[in-house]
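A lone chain, given as C-alpha cells: the form predicted alone.
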C-alpha cells in the first residue's frame, strides 16, 4: 500500500507533503505511485477538501475518518483546532490504478470467509486500518503541536524541518 500525506493550511495551501509505503507485512516503506499519480494525488486530496469543509461543521470529532474515495484511492482527514487539515491518501495497489479512464468493471469484493492478517492490513476499509490511521494522525498531531510552538515558525508557511519530517516518517513506519 502506498500513502501520500499532506498538511493543508487555513488558506488551502500545502504546508507539508510526504509519500511513503507500508512498513507492515513485509513492506519496505517506499511509495510505489506511478509518475502520473504524483500530480493526481495532489489533485485528489485538494478535491476532497470540499467534502471536508462540508463535514467539519457537522461534527465535533477531529478525526473525520475516510472522507472521499476516487477510483482506488481513499482519503482520510484529521482537523486541528486551528483549522489545519491533515490529509492522508492511501492506495492499496498503485500499479493497477489508472487515472486516465474510469473503471469499466465494478471493484472486486474481498471474500466474506476467514481473512488473514495480510488481507486486513491491505484493506483500506477495514476497522484495523481506520484504527491505524487514527493513531498515525494523533502522533503527527503531537509533532505538529511541537512544531507550532517553535517561535520561528510562521502560520501557513511550509514546514521544512527535518525533525518534523523524521517524526512523521517514524509514525508512518510505526502504524502504517
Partner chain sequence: MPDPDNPAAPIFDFKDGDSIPLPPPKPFQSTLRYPSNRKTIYDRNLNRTQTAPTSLPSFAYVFNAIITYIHTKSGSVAEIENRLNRAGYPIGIKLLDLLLYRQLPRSPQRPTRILDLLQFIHGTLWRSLFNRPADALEQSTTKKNEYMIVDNEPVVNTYISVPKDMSQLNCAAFVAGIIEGLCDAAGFAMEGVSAHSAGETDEMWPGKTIFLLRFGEGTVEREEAMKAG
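Positions refer to the first chain, counted from 1. Computed from a predicted structure; not experimentally measured.
Quick note: we don't show the form predicted in complex with the partner chain, though the next part is all about it.
Highlighted residues 2, 22 and 70: none comes within 4.5 Å of the partner chain in the model of the complex, counting any heavy atom.
Only one of 61-69, 43-51, 125-133, 30-38 places residue heavy atoms within 4.5 angstroms of the partner chain in the model of the complex, namely 61-69.
Using a 4.5 Å cutoff between non-hydrogen atoms, residue 79 counts as a contact of the partner chain in the model of the complex. Although the partner is absent here, residue 16 sits far enough away that none of its heavy atoms falls within 4.5 Å of the partner chain in the model of the complex. Scanning 156-176 for heavy atoms within 4.5 Å of the partner chain in the model of the complex gives 161, 162, 163, 164, 167 in sequence order.
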